[in-house]
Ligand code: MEV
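Just the one chain here, the form predicted alone, laid out as structure tokens.
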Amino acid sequence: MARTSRFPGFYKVTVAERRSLVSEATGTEVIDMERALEAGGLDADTADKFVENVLGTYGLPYGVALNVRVNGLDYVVPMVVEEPSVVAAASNAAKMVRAGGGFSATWDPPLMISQIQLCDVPHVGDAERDILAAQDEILAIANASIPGLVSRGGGARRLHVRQLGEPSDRMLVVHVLVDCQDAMGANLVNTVAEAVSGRIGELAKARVGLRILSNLCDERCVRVECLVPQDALATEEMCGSDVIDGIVNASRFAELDPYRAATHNKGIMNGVDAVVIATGNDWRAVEAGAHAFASRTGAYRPLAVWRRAGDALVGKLEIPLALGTVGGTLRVHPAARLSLRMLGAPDASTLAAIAASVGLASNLAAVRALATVGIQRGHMALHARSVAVAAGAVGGEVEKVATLIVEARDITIEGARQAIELVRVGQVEGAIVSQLDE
């Protein structure tokens, strides 16, 4: 099978059949999926090497987003997330975007910021001048501390000096920008900070304070755009043009109100974080950087905006995204390694573009739902399956019970228990099977 992310009816087949389809499309062996994903892919002994005081592991669902096309290439995108509807919504929105040609992504070089804080600086202006004059010397010290990265084409690239607070604070911060190649770069950047701090302190005649990376990696941004034809956005109740107007209105709401922007951005991070976790990257760092970037103008703003372009909808997302495809968790977590193989072993920048595209798809799904039927209809319909399982439904009962409680608008544990009783005595067997087959 040619590499594709289109699998009509994927949700209807068994887990084993899904693995087989993904194997054929991505070249990932089924046996590798079984080994990496059964029981969460991480045993307690291995987990004990990750963190402290381990008692066991905590499993989360590992699914795939379908229909994703980025820069002309198809990807079956791994997502690890516990929230119902996130995977389905991203896949459905990616299908709409696909009708307009898919996602288009660009990115900055993989530069991370190493920060060296200088305190009690006697002459701030002189210190800034002397540090910048010694840039070549400082970069050489930095590169000597990370020879492996330098040998792979990375390394320290330039300096930036910033005055903090008022002159009376007598504080500077020096940024050393480091090209981390395919690494996320936290350990590399921290090594640089410690290596150069002594010389920088001497030049400034100041006391050295903190030496650490910044997770606001605004020199390492990804920009994603998409164009969605209005016909792809239409619902049974609304024409595509009206849906576009509703989505643009939702975007403007987020642009004008930080309370709405926070939820708008949460929808983006639903998609981004799920890919970040599936590939063994640091989702807390990604979240911190994204929300700091959203506040860079002094007001909290949406990371993605939507506008009308004739008979189409155009979406644009910009987000700082420091991901790695080498090192760290990737070396020891089998599911993380599997995820990268499933994606075709991308470099770090391509992985960031894929994650950002899934984030924009997740945002599109949310604002489209809000502009049409409301967010709860689809979300609660998928949530009903979890409620059915929690109430005791097993096997084929789950879908039948979920259908019943959705129709009854009683998506509660008690409602599911009553539905289980009906299913088990066969009172609704024929009706439910008929509805599920439609």
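As the structure is a computational prediction, the values presented were derived from the model and not from experiment. Sequential numbering from 1, following the sequence displayed.
The same protein also exists as the form predicted in complex with the ligand; that form is not shown, yet it is the one meant from here on.
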>> Since only the chain is shown here, I'm wondering whether A366 would be in contact with the ligand in the predicted bound form (any heavy atom pair within 4.5 Å).
In response: yes
> Should E83 be counted as a contact of the ligand in the predicted bound form, where contact means heavy atoms within 4.5 Å?
Replying inline: yes
> Would T263 show up as a contact with the ligand in the predicted bound form if we use heavy atoms at 4.5 Å?
Replying inline: yes
>> Is A36 near the ligand? Define near as a heavy atom within 4.5 Å, in the predicted bound form.
In response: no
> Hey, with the ligand in the predicted bound form, do P110, S114 and I212 all fall inside the 4.5 Å heavy atom range?
Replying inline: no
> Where does the ligand sit in the predicted bound form: which of 316 to 324, 347 to 355, 145 to 153, 267 to 275, heavy atoms within 4.5 Å?
Replying inline: 267 to 275
> Exactly one of A47, A391, L370, V406 has a non-hydrogen atom within 4.5 Å of the ligand in the predicted bound form; which residue is it?
Replying inline: L370
